[in-house]
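What follows is a single chain, given as structure tokens, in the form predicted alone.
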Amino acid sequence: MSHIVIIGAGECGARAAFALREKGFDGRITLVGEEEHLPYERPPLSKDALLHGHAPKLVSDAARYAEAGIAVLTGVTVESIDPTAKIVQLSNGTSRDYDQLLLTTGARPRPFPGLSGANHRIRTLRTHGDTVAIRAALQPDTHLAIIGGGFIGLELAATARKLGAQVTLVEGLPRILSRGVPEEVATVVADRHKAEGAEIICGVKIQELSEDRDGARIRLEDGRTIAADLIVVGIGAVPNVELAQDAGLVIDNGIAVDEHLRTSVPDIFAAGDCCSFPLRHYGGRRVRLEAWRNAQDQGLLAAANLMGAGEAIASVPWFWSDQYDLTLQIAGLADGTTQTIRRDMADGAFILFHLDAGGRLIAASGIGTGNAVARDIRLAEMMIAAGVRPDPVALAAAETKLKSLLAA
């Protein structure tokens, strides 16, 4: 009986396992994860789970895995992969043979340069255990210092303010959200954080982090020192590629896969945060995405291709972030923009449409309260996938229905 082993029990791996069953795979499936929890969703960790102390939001409960005949090994790491013998060695002293292997090993927080050893007041946020530890430290009037002005840092800042903590966020670049978010959108986010009482410091490098029994400190290169009860470092993520690299797979900003999610080694696929792949909508440019939607999409695609479907990656990158009552959504990649069109909407919401030199829509960035921009960003996503070259005047006009531009 054919056996598919999935290494990495997160959103992507779990979705792939269930999709295999839904598509009719009747062989054995083993899902291996190093955390003690069943696979859970990570987006709530910086939001609802942190705010309310919720348990992990599971992808599915134990009964559903059992019903689907999916063997889930939790609290177990994979120590090595032998692609020739098609065997994986596990940390519990056992091994599993496989016919096909799917790597969904994800990513881990990028460490702060030069910081080593066990740090109790300097932490990162990636797992449910991290959320529990951070929430325990966030009492009213606790001073939280955050390093990094990306989505994770800003979502954490918003939640911490809701919990009554004082917040100081330090970003070394001139502004927050410098990676893939237009300045107009980032300004709205920054202004909202400041209005909520968070302090944001940009354009200053950090010289040193330190901690003792009484707290933690950030020493900036301009001579200032920020004293805090807790520091959380959120400066990006590093793909978990070591297993793949040791097994001889090609690595290129992640585990390199083709448009079908195949790696350089036969019968091994990779999906999610750990892999880089070519994007057809952007001339085959190789990218790696750390995004909830991408993990879901690639989990489903990997399942199809493990069963021989031969389907190519066709989805458009999509990102979102909730902070206070603001929702930011981005479809596509804005690199290569030569013209940006702004569409103003009700209650201060707006969308920026990004066109390339040929007039093709390549990205859309929107922000507003609640779901104000959700529908139009979804339509923009469909326009990007279809290669639409819309009329800029029509794009700017709020009365123009994007569906009509898509149809045209």
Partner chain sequence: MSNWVEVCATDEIDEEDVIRFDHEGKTFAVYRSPDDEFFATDGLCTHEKIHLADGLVMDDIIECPKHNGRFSYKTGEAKGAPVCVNLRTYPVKVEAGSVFISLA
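Numbering follows the first chain given and starts at 1. Because the structure is predicted, anything quoted here is derived from the model rather than measured.
Below, we turn to the form predicted together with the partner chain, even though it does not appear here.
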| item | value |
| --- | --- |
| Residue among Q100, T327, T127, N305 with a heavy atom within 4.5 Å of the partner chain in the model of the complex | T327 |
| Single option in Q296, S276, N240, T168 placed near the partner chain in the model of the complex, where near means a heavy atom within 4.5 Å | Q296 |
| Location of the partner chain contact in the model of the complex, chosen stretch of 338-346, 353-361, 370-378, 29-37 [non-hydrogen atom, 4.5 Å] | 370-378 |
| W320, heavy atom within 4.5 angstroms of the partner chain in the model of the complex | yes |
| Exercise: A68 in contact with the partner chain in the model of the complex, heavy atom 4.5 Å | no |
| Distance check, L51 to the partner chain in the model of the complex, heavy atom within 4.5 Å | no |
| Contact label in the model of the complex: K401 to the partner chain, heavy atom within 4.5 Å | yes |
| I87, R280 and R288 each touching the partner chain in the model of the complex (heavy atom, 4.5 Å) | no |
